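Presented below, as structure tokens, is a lone chain in the form predicted alone.
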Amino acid sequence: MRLGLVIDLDVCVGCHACAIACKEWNASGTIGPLSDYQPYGAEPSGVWFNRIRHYEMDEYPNNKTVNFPMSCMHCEDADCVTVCPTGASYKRAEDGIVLIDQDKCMGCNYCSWACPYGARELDRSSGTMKKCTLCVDRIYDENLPVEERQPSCVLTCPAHARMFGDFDDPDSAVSRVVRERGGYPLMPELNYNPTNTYLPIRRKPVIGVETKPKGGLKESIKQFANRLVRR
């Protein structure tokens, strides 16, 4: 079994609900609370497992904002595990989840330097590294209904841009959608073989100069409204 996430970049609206839900769920759990630093000060900061980047694609009128969530990729060949001098970072054989033993971690930052995705964060309060656990304490909780045994970020996403499942099962929902939509891992050239996969943006027809409406601003607004109605 190889558990991980699929993130649909065409659907994500960048609302940060996944990041907030993750922080709330992990306020207490397998790795302890996620600290905040000066939350009401001039430079608030803290430990987050999910971070959403925002990028602009193309130029007007074909520009589009891309919201790009990033967290631990739970790589098959995780260098963060290899470089850990104390054995605190490890990859579970039964499901492929990469975790950190808080009792062994000495906060040396080696794993953070080895991770090209910026997925590990040093909690200055505890002096240990912390990262996404795929809500391992939730997905195996038999006291929860089956439908709720998913990572908090997946359950919270209002746009349903996130999916969770077994990538080793070719018939699972995540495996099917990756095949159908041409899903891809982030930076595969590094050979870390990340489990988490992204679904590409559906490119819309390019608006060229020759398609610009005649009649000025009034006609432009009219045609724009007509396109919205047709959707």
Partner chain sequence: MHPAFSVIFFTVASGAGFGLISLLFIADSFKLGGGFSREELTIGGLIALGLIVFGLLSSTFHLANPKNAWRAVTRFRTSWLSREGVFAIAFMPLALVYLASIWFDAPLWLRETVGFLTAVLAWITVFSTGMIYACLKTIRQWNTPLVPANYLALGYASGSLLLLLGAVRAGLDTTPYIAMSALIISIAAVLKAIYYFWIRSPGLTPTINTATGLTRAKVKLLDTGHTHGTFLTQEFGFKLARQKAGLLKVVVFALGFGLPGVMLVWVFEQQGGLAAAAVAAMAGIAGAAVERWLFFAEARHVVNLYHGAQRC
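Residue numbers count along the first chain shown, from 1. It should be emphasised that the depicted structure is a prediction, and the values quoted were computed from it without experimental measurement.
Form predicted together with its partner chain: not shown, discussed below.
Student: On the criterion of a non-hydrogen atom at 4.5 angstroms or closer, are Met106, Cys115 and Tyr192 all touching its partner chain in the predicted bound form?
Tutor: Every listed residue reaches its partner chain in the predicted bound form, so yes.
Student: 76 to 84, 141 to 149, 91 to 99, 155 to 163: which one contacts its partner chain in the predicted bound form at 4.5 Å, heavy atom to heavy atom?
Tutor: Single hit among the candidates: 76 to 84.
Student: Please determine whether Leu122 contacts its partner chain in the predicted bound form, using a 4.5 Å cut-off between heavy atoms.
Tutor: So Leu122 counts as contacting its partner chain.
Student: Would you please decide whether Glu56 lies within 4.5 angstroms of its partner chain in the predicted bound form, comparing each non-hydrogen atom pair?
Tutor: Yes - in the predicted bound form, heavy atoms of Glu56 and its partner chain come within 4.5 Å of each other.
Student: Report yes if any heavy atom of Leu134 sits within 4.5 Å of a heavy atom of its partner chain in the predicted bound form; otherwise report no.
Tutor: So Leu134 does not count as contacting its partner chain.
Student: Considering non-hydrogen atoms and a 4.5 Å limit, does its partner chain approach Arg203 in the predicted bound form?
Tutor: Flag for Arg203 set to yes.
Student: Using the arrangement in the predicted bound form, list in sequence order the residues of 168 to 186 with any heavy atom within 4.5 angstroms of its partner chain.
Tutor: Going through 168 to 186 in order - heavy atoms within 4.5 Å of its partner chain in the predicted bound form - the hits are Tyr184, Leu186.
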